[in-house]
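The data below hold one chain only, encoded as structure tokens and taken in the form predicted alone.
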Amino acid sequence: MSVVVTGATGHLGRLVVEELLELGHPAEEITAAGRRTDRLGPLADRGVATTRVDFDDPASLKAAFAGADAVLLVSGSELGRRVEQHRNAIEAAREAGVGHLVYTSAPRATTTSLVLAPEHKATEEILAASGLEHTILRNGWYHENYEQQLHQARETGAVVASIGEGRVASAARRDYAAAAAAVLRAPARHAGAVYELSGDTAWTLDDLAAAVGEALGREVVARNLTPEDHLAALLASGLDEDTARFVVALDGNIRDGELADTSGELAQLIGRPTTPLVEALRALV
């Protein structure tokens, strides 16, 4: 069964290809697609086909998807442009006769107030109208999103946020990759499914500080600021205003419980518990 993975030059896409190989999927039936094919050399060395795709170039998408039984559409990274880019990919998949499309979305994309969700909601609507057989993977937060805080804590001995008593049910990027690989291996079994994927445990800021401290081997404290003080601290650190306000808005979503759900569906898909936070942080160290 032929599988195309977009975004294979990025962290998640590359891990999905590696998971497929570890599951025994024939390398010659996998195509790793990305904008920079020079970065796909390690996968090509393992027998995986590689090809260039650009979400802004529909012809490249259609050529890459031709004859594919399944395509993983890893959501793009260009905020504000993703709806158009995803539409290009979905239309190309339909025109190329793709058998099944798997899309990486956001938690409760159609109902959440999460600031990242609107583009995912619009993409899900485009996919529903396309007529393509599909599966939606609503990926929750990644442990790896806290790499910057890990480095800051090494220098300052603190993790700083404005999440209040909010919790985050994050999981490792490899956990989400394993889920995508499982669906790609048997797409018909997951046709029409919408999976809410998250870690097994929802942690607090104090829990994050403890995990960071354990990973670093030093004492780390949690500094839970008001949104106003958090914004001021981010601006004082040199962050531009748009990015700083975005970070504070995300913390507001966490404070409101938007990333706290522990559905258990990720562990069910991958057939094992999700990776503990401290284990992923140790790997980053």
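Residue numbers here begin at 1 and follow the sequence given. Please read these numbers as outputs of a predicted model, since none were measured by experiment.
This next part talks about the form predicted in complex with a small molecule, which is not shown.
Residue in contact with the small molecule in the predicted bound form (any heavy atom within 4.5 Å), chosen from Arg35, Arg245, Arg223, Arg255: Arg35.
In summary, among the residues Ser162, Thr112, Ser75, Thr135, the only one with a non-hydrogen atom within 4.5 Å of the small molecule in the predicted bound form is Ser75. In the predicted bound form, the small molecule stays beyond 4.5 Å of every heavy atom belonging to Lys121. Taking non-hydrogen atoms only, Arg167 never approaches the small molecule to within 4.5 angstroms in the predicted bound form. Taking non-hydrogen atoms only, Asp54 approaches the small molecule to within 4.5 angstroms in the predicted bound form.
Taking the partner from the other structure, the small molecule in the predicted bound form has a heavy atom within 4.5 Å of a heavy atom of Thr9. Checking 207-215, 78-86, 150-158, 125-133 against the small molecule in the predicted bound form, the stretch whose residues place heavy atoms within 4.5 Å of it is 78-86.
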